[in-house]
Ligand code: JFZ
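One chain comes next, on its own, written out as structure tokens in the form predicted on its own.
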């Protein structure tokens, strides 16, 4: 009976709001909330300076690099179209055979400073690095496992080199960490016996040790982005996910943690049983953006999306023809679209086994960087504008109230329709990197902003100067119908 009443209440709440999300649970009324020991630690957004920095950065890069870069999607002469970092699973490779790839790990073309310069040129403000993916191979010399870069021909601390190089360029470093570990015999997908519990308890202690090691060895880390946390074994140990978050925040004051780590007392992930976000930002948007109606409440929590360039690849894959490859313009549009909805976007790179990047990735980074150099002020520190979406592109808003129009679709009329909120008028429009363009009032709270006489070759941004018109006489009359 209680479940059915809750269902009716939730249905009314969801159908009654234009921006209500459907994927995540709507928070329950306070008087109906379920007592939880391991639920959300706060309601609403974090407002401290470290979280604000995360939010203002807006654009990041992802680096997926591990042993999977050596076979590049191919095993025993067969090419697998699935994600390269899952090749061990696709090809059913035994753990000892897979980890023998360590003998070939010697990225002679790796240059951390070159990587950092490339990221800087692209305009990213932070980089997420796969410290350890599901395979269990660590890019740092962990003392808790033999499967590390220290036991390869390369030997040196790759992660340490990257942290220093990116930090020297003023780029924040975030750590990707997979809890699921195919190299560890104590990992369990589920807990079905006392033996499983004992083994998994050992595994959680091992994981604690590695996380402490990362946090203390590299204290400038700004974020931990967890993955491989969807198995029943983790859902049944929600206490540990809350413990891990608390531990890292004590070790690295100000650090941010993604929602993918967390499970509550009842095994609910990302959002607890009362509908509240766990962790500091939602991280469920992988290779997609949130739907503004089904998924998102722009004022309630922070979120971050991550995207690949080929549709189905994170780690290095030899054959990009097996999936659609996005153009730089498509990558840019997803970046702007994310910011226009109040989120961050992270663009993925899969370095080759030798430590270099493929030409397509270098070209993409260069072209995105050129655009960001001229138009980045509509991205960094910007947020959801709250204006009605138009077919020509996307709005963003800066902290000081400037509104930006990021134009991706130029209409044949060469007039860009702008509908302002009540009491707001547009008084000036200037193309970033260019000149002022005419603004014509066409109706109440509606304007045409002209496309520049010489149309830019790619997407362009117009900065609007707006003023309060709440006290002005309304010269328009409503139609009598």
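Numbering follows the first chain given and starts at 1. All of these numbers come straight from a predicted model, not from anything done at the bench.
The form predicted together with the named molecule is left out here; the points below concern that form.
* Okay, which stretch from 79-87, 365-373, 245-253, 397-405 lines the named molecule in the model of the complex, with non-hydrogen atoms inside 4.5 Å? -> Flagged stretch: 79-87.
* Does residue 166 reach the named molecule in the model of the complex if we count a contact as any heavy atom within 4.5 Å? -> No, residue 166 is distant from the partner.
* To do: State yes or no: in the model of the complex, is some non-hydrogen atom of residue 55 no more than 4.5 angstroms from a non-hydrogen atom of the named molecule?
  => No, residue 55 stays farther than 4.5 Å from the named molecule in the model of the complex.
* Asked: Taking heavy atoms only, is residue 134 within 4.5 angstroms of the named molecule in the model of the complex?
  -> Result yes; residue 134 sits at the interface with the named molecule in the model of the complex.
* At the 4.5 Å heavy atom threshold, is residue 286 in contact with the named molecule in the model of the complex? -> It does: once the named molecule is placed as it appears in the model of the complex, residue 286 has a heavy atom within 4.5 Å of it.
* **Listed residue that, although the named molecule is not shown, lies within 4.5 Å of it in the model of the complex (heavy atoms), from 140, 126, 176, 218** => None of the others qualify; the residue that does is 176.
* Asked: If you check 187, 314, 303, 115 against the named molecule in the model of the complex, which one has a heavy atom within 4.5 Å?
  -> By the 4.5 Å heavy-atom cutoff, the listed residue in contact is 314.
* Considering only 219-257, what residues come within 4.5 Å of the named molecule in the model of the complex, judged by heavy atoms? -> Heavy-atom contacts to the named molecule in the model of the complex: 225, 227, 230.
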